[in-house]
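This document opens with one chain alone, in structure tokens, the form predicted on its own.
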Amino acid sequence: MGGWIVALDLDTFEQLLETLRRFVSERLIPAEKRVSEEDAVPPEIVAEMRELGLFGLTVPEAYGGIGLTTEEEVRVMFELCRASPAFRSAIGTNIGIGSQGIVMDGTEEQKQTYLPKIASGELVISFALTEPDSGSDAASLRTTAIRDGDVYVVNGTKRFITNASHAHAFTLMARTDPSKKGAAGVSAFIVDRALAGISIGKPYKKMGQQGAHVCDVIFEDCRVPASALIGGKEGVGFKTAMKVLDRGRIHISSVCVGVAERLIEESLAYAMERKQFGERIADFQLVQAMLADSRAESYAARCMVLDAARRRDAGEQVSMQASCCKYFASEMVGRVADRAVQIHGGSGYIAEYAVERFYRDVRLFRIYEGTSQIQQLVIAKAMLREAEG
């Protein structure tokens, strides 16, 4: 399959989706069991993903990427995420939270230096925000970056960092002004993994999403060049992180939709084959009710995600809509996975069937990039601001 780095007119985009559908069906879905058992995406599949341009989906064309709009990105995720979330995770930080801080707020020099390598997949970049004592309360992070001449000296620990074990660089959030509490003292940096003073913890053993790796990243007197400060400005890192997360939340919502649609496919196929009392269980009304609930909810989430994506592409402020999508879609896919196991009965609890694995995989969606409870707070605060004028 050839690369996709071409001007994305409608025909080209439809061709991209068709190529991806084939890739998912022929290469990714058959490899899911192996990925789960080996806790790794096979190198040859990662190489194919590079060749297809998947690492550069959202990097602007000027820097070697495909430059998808938000709507195009979510439509690609609907297709890609019919397969195990581990495959999406392999490219996730490059097209999302790892790269977008540079795309949105980086200097021209930073963009020229990093984005072409991110787009090609030659460089894997992670997003280092969460800490042992700072997850949902991102503004309270403790990692410091203290200016010392033409470098910043970084100290602190980042926790649960996706793709850290094989990252070549990190988009790092650190406190440059410890005298300022909350978001005001936080700055964003691009930190090369090769710098002295960086160590990576062992990958965590997780409930689900085998093949996607998260580790701690420890900075001990790591001397980061001042030129690594994103946009060359101190104190705006938290704003950068929030802009990145707005797009990231729409992205994760589209991942949830893709997974939900796969689970519905699996549930429907099983229900049409499985017989009880001399009939297909698909003909039992209570099973039909579960199928219908899952279809209605996944359709609602798909519509929400497309609407939020189009609004963002039109230049609207979409923080509330992004949180609505993330909250609804991540909770939705949990319910769909639960029904899928129920429809499969005892077989749904057995590792031979994909729904057992997906049931564990989807639990994470309600936690990362802002828990469901954080999304509720974001939505409610936006409603209050609107009402108060």
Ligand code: COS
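Heads up: residue numbers just count along the shown sequence, starting at 1. What you see is a predicted model, and the numbers here were worked out from it, not measured in a lab.
Although not depicted, the form predicted together with the named molecule is the subject of the following passage.
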Does residue 129 reach the named molecule in the predicted bound form if we count a contact as any heavy atom within 4.5 Å? yes
Are any of the heavy atoms in residue 381 no more than 4.5 Å from a heavy atom of the named molecule in the predicted bound form? yes
Quick one: does residue 317 come within 4.5 Å of the named molecule in the predicted bound form, counting heavy atoms only? yes
Wondering, does residue 136 line up within 4.5 Å of the named molecule in the predicted bound form on heavy atoms? yes
With the distance limit set at 4.5 angstroms and only heavy atoms considered, check whether 282, 286 and 338 all reach the named molecule in the predicted bound form. no
In the predicted bound form, segment of 291-299, 242-250, 70-78, 190-198 with a heavy atom within 4.5 Å of the named molecule: 242-250
Consider the chain as shown here, without its partner, and state which of 268, 306, 151, 183 has a heavy atom within 4.5 Å of the named molecule in the predicted bound form. 183
From the list 170, 238, 114, 219, which entry has a heavy atom within 4.5 Å of the named molecule in the predicted bound form? 238
